[in-house]
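Just one chain follows, in the form predicted on its own, and it is written as structure tokens.
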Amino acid sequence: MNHLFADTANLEEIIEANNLGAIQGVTTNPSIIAKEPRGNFDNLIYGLAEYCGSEKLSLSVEVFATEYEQIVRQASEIYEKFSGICPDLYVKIPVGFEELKAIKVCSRKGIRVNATICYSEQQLQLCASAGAKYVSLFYCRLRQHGGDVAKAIKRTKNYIKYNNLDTKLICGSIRTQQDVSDAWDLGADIVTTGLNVIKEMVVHPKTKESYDGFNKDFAAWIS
């Protein structure tokens, strides 16, 4: 089953996308959070977790620590604070040497990890082997820099299946509605993107043209 997540930390955007029936989850990162009014990190995440939990949406929250011990500590704190409010909570940890160690340790502690900022199939595969439940490919950024997104997705999915890993592949860094459909078609389990792209998926100029035509014809008939 293919899922669509909203890539935002703005509660109003999350509510709008969810009211459309369009999303099954939410992803955030430090840059996305930095777009919100300056405030308390825990308070912001609490609001997102409370809404996502009540609506049965997945929520991914990224660590901002950069050293191994601090990453593990912060991931544990985030999970302990918010998983009771949002049962489908994931802690995002970027790929890297220290980070892979943290993914392994956190996963063994029962923390659901979303391994992120992956640009290659090898990074995705190592994160899956380390225990990540989600592995996130930066789809459009990889393609922009000459990478083969189709090969990265196919080989990662094959690796997960062959090794019987409990991991799903997310494609992020999605810029257009066509990217959403292409990523799903290539095998992504989940695509995460901004509200602007989700709205693009709803609208087509010929739909409006036809809709207006139907109403005009009916108005002439019923008058």
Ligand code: E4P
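All figures in this text were calculated on a predicted structure; none of them were measured in a lab. Note that residue numbering begins at 1 and tracks the sequence as displayed.
Omitted from view is the form predicted together with the ligand, to which the following refers.
Remark: of stretches 64 to 72, 166 to 174, 182 to 190, 36 to 44, the one touching the ligand in the model of the complex is 166 to 174 (heavy atom within 4.5 Å). No residue of the trio S120, Y159 and K161 has any heavy atom within 4.5 Å of the ligand in the model of the complex. Among K81, K109, R141, K151, the residue placing a heavy atom within 4.5 Å of the ligand in the model of the complex is R141. In the model of the complex, the ligand lies farther than 4.5 Å from every heavy atom of S58.
Of all the residues from 1 to 16, the single one having a non-hydrogen atom no more than 4.5 Å from the ligand in the model of the complex is D7.
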